[in-house]
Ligand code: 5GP
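First, one chain by itself in structure tokens, the form predicted on its own.
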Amino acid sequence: MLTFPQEDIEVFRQFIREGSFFALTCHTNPDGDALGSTLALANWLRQMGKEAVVIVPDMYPDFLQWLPGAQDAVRADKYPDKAKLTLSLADVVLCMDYNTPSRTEQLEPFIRESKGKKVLIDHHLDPEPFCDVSFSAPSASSTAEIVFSLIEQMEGASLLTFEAAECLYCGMMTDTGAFTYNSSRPEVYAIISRLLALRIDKDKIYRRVYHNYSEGRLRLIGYSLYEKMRVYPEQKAALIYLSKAEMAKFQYVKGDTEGLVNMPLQMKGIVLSCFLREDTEKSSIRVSLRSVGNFPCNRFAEQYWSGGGHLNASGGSFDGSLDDAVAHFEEALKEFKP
């Protein structure tokens, strides 16, 4: 299991002992790890008799709505006043699965202004030092893995419920592409074994996440691969790009392009995949990057897309048109020599 400095564990233990009201936050566009790890920790805190409220910046994908506790999360985009009040009243603010408050977008000023103690729990590189105590582990498969390890180190695993275990497993599964990358450490499977002992049905969780698609999503995937994928054999790279109009043609809802960036990596010889799509809510381009082996897509994201992330999974953004973003990607491929 991951282990953290005992002095940090004791500080966190004191925050839990002395606090009664906890606000748990995650990054915008919550994925399975962000939502799963946050809901699991909130559930655990409630088992300890604490009041815990989960705040999400915006809507999460439809295929995560089954997660226990998800329906009770406060959406800051719909209820900004409630989100602000919750953070202002919190004794402890937990910052889950993000390394800087800017990744929570509209929640950022409320988090920074909160008088509550702040705790970072995250596995992204280069965490901003804005919290009273941080549990940062870039080597971890997921933030869900960190949450389990923290609970274990605090000798609180006996309070883990079936519902929390489902959330943690979902977080670990989705942030590793169903355990196809960043999941070779034996500790990952030791944790899974412990979660299975709580009687979760991992096959059912997989189906809920990956076999829960609409007809429109499947047709969008087919269209993307046939009409909107470019392959660059010399650079061992591939690109998929979609406009808002194209997504609307297939009745796009949030989450419909989840996992699309991974598909080109199934081609022999491809080590980098990029997915560009027009943001449905802003006038910018969202950038997702995936790689295999030692290709540093985090460096590629930092250098060309105002982003960052992990060695094999990163993201960023681009201000400009979709055509400009495609041209920018092609120029970057020529320049970048990892």
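The first residue of the sequence shown is number 1, and the count goes up from there. Given the structure is predicted, the values throughout are model-derived calculations rather than measurements.
Although not depicted, the form predicted in complex with this ligand is the subject of the following passage.
Proximity of Lys50 to this ligand in the model of the complex falls outside the 4.5 Å heavy atom cutoff. This ligand in the model of the complex comes within 4.5 Å of a heavy atom belonging to Gly315. Contact annotation for Arg103: at least one heavy atom lies within 4.5 Å of this ligand in the model of the complex.
In the model of the complex, this ligand sits within 4.5 Å of a heavy atom belonging to His124. Contact with this ligand, judged by heavy atoms within 4.5 Å in the model of the complex, is confined among 265-273, 55-63, 38-46, 280-288 to 280-288.
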